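Consider the single chain below, provided in structure tokens and representing the form predicted alone.
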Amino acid sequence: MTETMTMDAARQKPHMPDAQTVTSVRHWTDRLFSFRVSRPATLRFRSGEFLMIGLLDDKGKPLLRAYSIASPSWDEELEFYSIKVPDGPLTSRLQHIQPGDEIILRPKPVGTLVVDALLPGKRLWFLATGTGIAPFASLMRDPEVYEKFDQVIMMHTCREVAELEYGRQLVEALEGDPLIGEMVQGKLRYYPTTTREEFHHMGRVTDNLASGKVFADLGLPKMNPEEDRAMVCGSLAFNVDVKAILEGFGLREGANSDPKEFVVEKAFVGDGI
């Protein structure tokens, strides 16, 4: 069965379990896209959490993966940001969705990237690579974040400049947001970097943290457990490397049941999906 036939078949199934309707799709690069879907009336979640979403496979069985919700908890729709994997079991199909199509959405949000999993602090660091920015797209639009922290720093690293566009547009629009625009002004710092294409800031999140370059560039003190809190979302290798750096600064890993100075999302959707 061809991929086109698979999508046509999916569109002919109006009653998928836990089905939600796609309302918009935007392709940012040949590797990245975002989409919005209807939100179940009963769904409640904390900004930063993720859901299981997907499509039916060729045999009519649900093919689901964990996706961070990129929209804030107050949004009337749900937004997701995804990589495209040509041979990926799910994204090879998901990247072809169009408004009006349906996806499966299991309305049971979970995750560690929530404000409740951190102790009170002065600065909150969001550390992400690639589509790992998705949960922070949610958190950056949540008033609670700015009520609890004096400064919020979004560090995002991609290979090429075009891959930063989703985050750049989101951040630039925040100050004009009617709900949180005034709260964001003077509090949110954006630090995008690339690793392959020339850009005004370059280097991996790990290198810029370990070398202290990001602190010098932003005029901030080195991370310390008294003032700084962090959330981490990226590949497994990225998470491990950043965790070691944060622990080197004296920060401890926390969880929903045991708040500490930083948390790591272990269910991030990466390559191969």
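Model, not experiment: these values are computed from the prediction. All residue numbers are counted from 1 along the displayed sequence.
Absent from the display: the form predicted in complex with ligand A2P. The rest refers to it.
*Check all three, Thr195, Arg204 and Asp241, heavy atom within 4.5 Å of ligand A2P in the predicted bound form*: Yes, because Thr195, Arg204 and Asp241 each have a heavy atom that approaches ligand A2P to within 4.5 Å in the predicted bound form.
*asked:* Under a 4.5 angstroms heavy atom criterion, identify the one residue in Lys122, Arg168, Arg159, Lys108 near ligand A2P in the predicted bound form.
replied: The residue from Lys122, Arg168, Arg159, Lys108 that makes the contact is Arg159.
*Look up in the predicted bound form whether Ala216 has a non-hydrogen atom within 4.5 angstroms of ligand A2P, and give yes or no.*
No, Ala216 is distant from the partner.
*Using 4.5 Å between non-hydrogen atoms, is Thr129 touching ligand A2P in the predicted bound form?*
Judged by the heavy-atom cut-off of 4.5 Å, Thr129 is in contact with ligand A2P in the predicted bound form.
*Is Leu43 a contact residue for ligand A2P in the predicted bound form, using a 4.5 Å heavy atom cut-off?*
Output for Leu43 is no: heavy atoms all beyond 4.5 Å of ligand A2P.
*Could you tell me which stretch in 169-177, 145-153, 195-203, 98-106 has residues with non-hydrogen atoms within 4.5 Å of ligand A2P in the predicted bound form?*
In the other structure, the partner sits against 195-203.
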